[in-house]
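Have a look below at one chain only, the form predicted on its own, in structure tokens format.
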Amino acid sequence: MEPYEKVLIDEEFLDEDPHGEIACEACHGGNPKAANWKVAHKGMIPDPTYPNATNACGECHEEIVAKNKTNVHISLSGFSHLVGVRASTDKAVREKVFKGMKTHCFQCHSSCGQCHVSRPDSVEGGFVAGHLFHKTPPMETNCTSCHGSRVEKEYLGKNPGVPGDAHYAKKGMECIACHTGEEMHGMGKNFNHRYEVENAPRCENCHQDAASPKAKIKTHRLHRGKVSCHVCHSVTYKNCYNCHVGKDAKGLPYFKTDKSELGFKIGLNPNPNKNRPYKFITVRHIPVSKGTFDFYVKDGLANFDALPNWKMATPHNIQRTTPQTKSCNSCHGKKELFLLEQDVAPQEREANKKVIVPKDAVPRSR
């Protein structure tokens, strides 16, 4: 975006948007009577909707704001929980780990304003359309500006040689088609992982026949409850490795990772439950490593092995026909599709022992 696009308020906002009837200082603070801009901007709040939107939005959107406090985009409860499980039990060490998280990981939050008015701060912010409020956040400037490196490239088909998701390529469905406002605004309950969110989308919500014991397609009946939908209907997706965070000589925070790569792996489901009873799931390597927070404290993630870093994945690149679905033996007996011990770095095998597929557990060819 051009600099002027990020900061200039459109006249339409003042003339037609109901929010434009509210005085600027009512939300943003500051002193509108001051003649000097420095005095006028003293105490100004750039985003009055973060971390608590009650004052700015609560009068009109009370029900949404009350639940929004538990929105995983705001609370980042998944980050806190999962890093907390891996972190050292030493209190002093944990404090340094979470200091690093606050400096780096927690910068990727969003808010009411950073969805409906501007782009999130983590992607350099800026008004989407001159301070006009969008009831539905634009996919290309808000959703994919944050979820770009994996979701956008998968969904829109931007990974070289890999087709885009059938839902977008054939139907033009945007994020909101599956990820509803009710999900995005939170439920008033805290969740430790995005896969725990109770009103998150499920393939079965639309594809009811495929999930039925009497499904019309035989392979759906045979594999029901045994493999996740993505095992058959996903294609190659991105895997990321070894993220390290720190600060440069000027004290500016940065992160660096090893080179990411495209791949496809089927692993064991480490935590089968009612919603995901499958034996086999697609897994993706995530960039957390034992040394992620070494800049802040040595051995910060002393309990790294408590969780796998080949994690359950639901790639956004669904296809009706994939290399796995061409025939039974396109998957059965194809050991290269499965996450075997040899595919996992030696220092990560203990952490991933629950998802690694033993060679004798690979389904036999037919």
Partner chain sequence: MLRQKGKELWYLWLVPLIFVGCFLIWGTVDSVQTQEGSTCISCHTSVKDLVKITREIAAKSKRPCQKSAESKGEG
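Small disclaimer: the values here were computed from a predicted structure and weren't measured. Positions refer to the first chain, counted from 1.
Another form, the form predicted in complex with the partner chain, is not on view; read the next lines as being about it.
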Would S122 show up as a contact with the partner chain in the predicted complex if we use heavy atoms at 4.5 Å? yes
Quick check on P51: any heavy atom within 4.5 Å of the partner chain in the predicted complex? no
Non-hydrogen atom contact Y195 with the partner chain in the predicted complex at 4.5 angstroms: no
Any of the heavy atoms of L252 lying within 4.5 Å of the partner chain in the predicted complex? yes
Partner-facing stretch of 296-304, 29-37, 310-318, 328-336, counted where any non-hydrogen atom is within 4.5 angstroms of the partner chain in the predicted complex: 29-37
Would the partner chain in the predicted complex be within 4.5 angstroms of a non-hydrogen atom of every residue among V162, M173 and D360? no
Out of N205, T89, N275, S149, which one falls within 4.5 Å of the partner chain in the predicted complex, going by heavy atoms? S149
The partner chain isn't shown here, but in the predicted complex which of H233, K238, H185, K265 has a heavy atom within 4.5 Å of it? K238
In the predicted complex, which residues of 156-178 put a heavy atom within 4.5 Å of the partner chain? none
